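Read on for two forms of one protein chain; each stands alone as structure tokens, with the labels structure 1 and structure 2.
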Structure 1
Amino acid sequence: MMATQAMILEHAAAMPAPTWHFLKMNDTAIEIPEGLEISPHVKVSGPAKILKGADDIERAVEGAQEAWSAKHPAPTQQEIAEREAFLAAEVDATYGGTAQSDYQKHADALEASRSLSQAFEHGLGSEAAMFLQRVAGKRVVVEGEAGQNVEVDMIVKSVPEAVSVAAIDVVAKCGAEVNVRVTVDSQDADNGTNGIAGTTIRVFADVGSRVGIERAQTLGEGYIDLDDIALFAQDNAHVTVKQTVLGADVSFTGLAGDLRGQDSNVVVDTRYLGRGMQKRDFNYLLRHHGPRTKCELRANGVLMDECSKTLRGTIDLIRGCKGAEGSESETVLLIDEGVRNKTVPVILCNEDDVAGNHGATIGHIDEKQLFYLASRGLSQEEAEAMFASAIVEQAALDAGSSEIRESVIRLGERLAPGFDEIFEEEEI
């Protein structure tokens, strides 16, 4: 049996434009324990292919590259010289001649390469994505042909002392609609066990397609969850991602998206619960290339006990994305004093006529809400417990598949015995 070697994936889930290093939130390190059996337990329902070395995504990106290159001819030597002169003058005027940051150099190099495959980034970073791909072995490929509607459900069932990862490629061709729902769950609570579960999902949404990714993680204690997503959206493509993070001792959630096509749209909804000593790490990066592209990142969470959470959300409004709009918002309820919460919204802008918005509501229950709840008999502690329970209950109510719903209810039952009664079918 193949097994993992001890390693640390350094600089994972990194922000493209770092902030102060002393804040210790620019990136994270993912520790992989030694000796975990590489044993993917992945069940797929629906039209999907399981292939070794699948290259559908690569071919789709190559096709997009050709179309993009034809539509965006390489600049002439004169244009390059003019641009460099303009930038040099701007740097002199703005920074007094200060050299570019590493981020700016990287961004300029990426733009100069004109390579879409290089711009196809992973939310947890390339090293973590390669690790996940390696342990997953084969790829699950979900393909929606032009005009086709495809629905696929998957379960990644983690077991103790093992690493169970699914590598998933989603290719939605012109006008296709593809919905993929993934449950990441463990056999039981598995207290004191060691295990890794994860997914690495690549999405190519072609012109006018609609892609929905729903991922719910309800792992037991002792597990590490790795959730890596890479998105690429062509003209008028619409991608929605719904992430629910409820279980596992440590979870890493990363999503990177390239809104290359004009009028493409990405919406990400994240719901999370942190309790005990759990660690939650989120990294989002949406790069707007196309004109009038839109993205919206929404996160809602409840943190209690002594858990910690970091959320990095970067919206990059790149030269050429005129009319683009990006927004990110987070609502976090901090229940206990021992909770550590870090939220870093970043909006990078290198284009006129764009909108970038961010907002965060971080704190305790609003006074008016608290009075209302008290007037119904709930003490502050009872009100806070209700918010924590409600996030699990809402996840079950909103579940897009019976598998997700059942796994969320099982987790709710582990947290509060009797929880499952709420969802018992009513007698007719």
Structure 2
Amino acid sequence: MMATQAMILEHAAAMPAPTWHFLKMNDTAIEIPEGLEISPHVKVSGPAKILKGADDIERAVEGAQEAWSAKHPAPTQQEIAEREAFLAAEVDATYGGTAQSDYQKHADALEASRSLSQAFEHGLGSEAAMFLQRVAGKRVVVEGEAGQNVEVDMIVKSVPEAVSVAAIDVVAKCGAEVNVRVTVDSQDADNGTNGIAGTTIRVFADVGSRVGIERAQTLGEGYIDLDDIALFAQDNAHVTVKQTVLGADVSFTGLAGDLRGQDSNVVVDTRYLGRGMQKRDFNYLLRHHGPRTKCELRANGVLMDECSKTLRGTIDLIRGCKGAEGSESETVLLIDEGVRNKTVPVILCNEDDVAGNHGATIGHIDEKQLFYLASRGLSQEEAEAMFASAIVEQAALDAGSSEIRESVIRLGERLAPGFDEIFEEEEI
């Protein structure tokens, strides 16, 4: 069996428009240990194909490229010349010329290329996505034909001293509804062993389709979780992504989406728990190209002990997306003083007649709440543990499949012995 070589994936999960360097939030580095056996353990239930070098996504994007190019003709030579003359005049301006950042130059070049495949970005970055694809080997392809309803469940089971990764392509054709539920779990209890588990998911949502992606991560201690998603939405397509991050020592979560079609909609709902010395890193990027497109980024988490969390959320309202709306919000409960929390919501705008909203609610448990719970016989430690277990309990209640529910309950039992009794009573 093949094994990993030691490497560092530099500048992973990078913000498209960097902020101040001293904040140390612009990107992250993912360290891959040496000597981990490449041994995917993926179980698939439902209609799916397992292929080597699958190109279903590529064909779908090529078809979208033809339709989009026909609807958006390339600029004429005169228009190109006028644009170049305008930029040259700005650069040469004696006073107040527009200075473009590296981000603006890259964004202009990307739009000028008129390439949908180049705009199909990955949340953890291209280098991390290529690594995940390489160790996964084959792709699991879930395809919904026009008007079809498809349901698929997958389990990625990581083992000690190994890398277990699934590369998943989801193609929903016109009017199809596709739901994919992924459980990322470990075969052993918490014992400090090294291991990596991950998924790289590409989603193509065609005209009028609906796609649901649910991913729950309940890995034990010692593991690294890599969660990479790339989305592409056509006219009137709706994509919903639900992410639950509860386990693993280190987790990297990245999602990038291109709302290319008019009236397309993307909703991302993330729940997470951080404890001990765990590290949580989230990166979201949604680019609005189509008119009246909508996106919503929601995150809710509980942080305790001395864990750290970073969240980058970028909504990019690109010229041509008139009537678009984007919003991002986060609620974070900080249980202990040793927690390190960083949240940077970013809205980029190059179009008028659009709406962008962001907000964050971050704070400790209210003293009045602690006093009330103390009057009911709970110590401060018991009260804090209750808040932490509540997010795990809610994840189990909201699980979209029995596999996800069972893995969440197992993790809850490891965190708080007796946790599973709640659900035993419920089943009776």
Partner chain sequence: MDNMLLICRGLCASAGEKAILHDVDFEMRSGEAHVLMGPNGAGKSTFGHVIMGDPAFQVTGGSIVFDGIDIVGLSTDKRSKAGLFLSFQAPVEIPGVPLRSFLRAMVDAHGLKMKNKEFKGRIKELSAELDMNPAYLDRELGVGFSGGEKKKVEMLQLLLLRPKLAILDETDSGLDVDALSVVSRGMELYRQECGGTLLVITHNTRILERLTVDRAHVMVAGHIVDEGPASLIDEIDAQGFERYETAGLAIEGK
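Keep in mind it's a predicted model, so treat the numbers as computed, not measured. Think of the rigid core as the biggest set of C-alphas that the two forms share within 1.5 Å after superposition. Please note that residue numbering is based on structure 1, beginning with 1 at the start of its sequence.
Given that just one of these two is the form predicted together with its partner chain, which number is it? Structure 1, not 2.
Any CA movement of 2 Å or more for Glu403 between the two structures, core superposed? The answer is no; the displacement is under 2 Å.
Exceeds or equals 2 Å, Cα of Ala112 between the two structures, core fit: It does not reach a 2 Å shift.
2 Å or more on the CA of Gly35 between the two structures, with the rigid core superposed, yes or no? Result for Gly35: no, shift under 2 Å.
Gln380: how big is its Cα shift between the two structures, in Å, with the core superposed? Displacement of the C-alpha, rigid core superposed: 4.6 Å.
Keeping the rigid core superposed, can you check how far the CA atom of Ala81 moves between the two structures, in angstrom? C-alpha displacement of Ala81 between the two structures: 3.1 Å.
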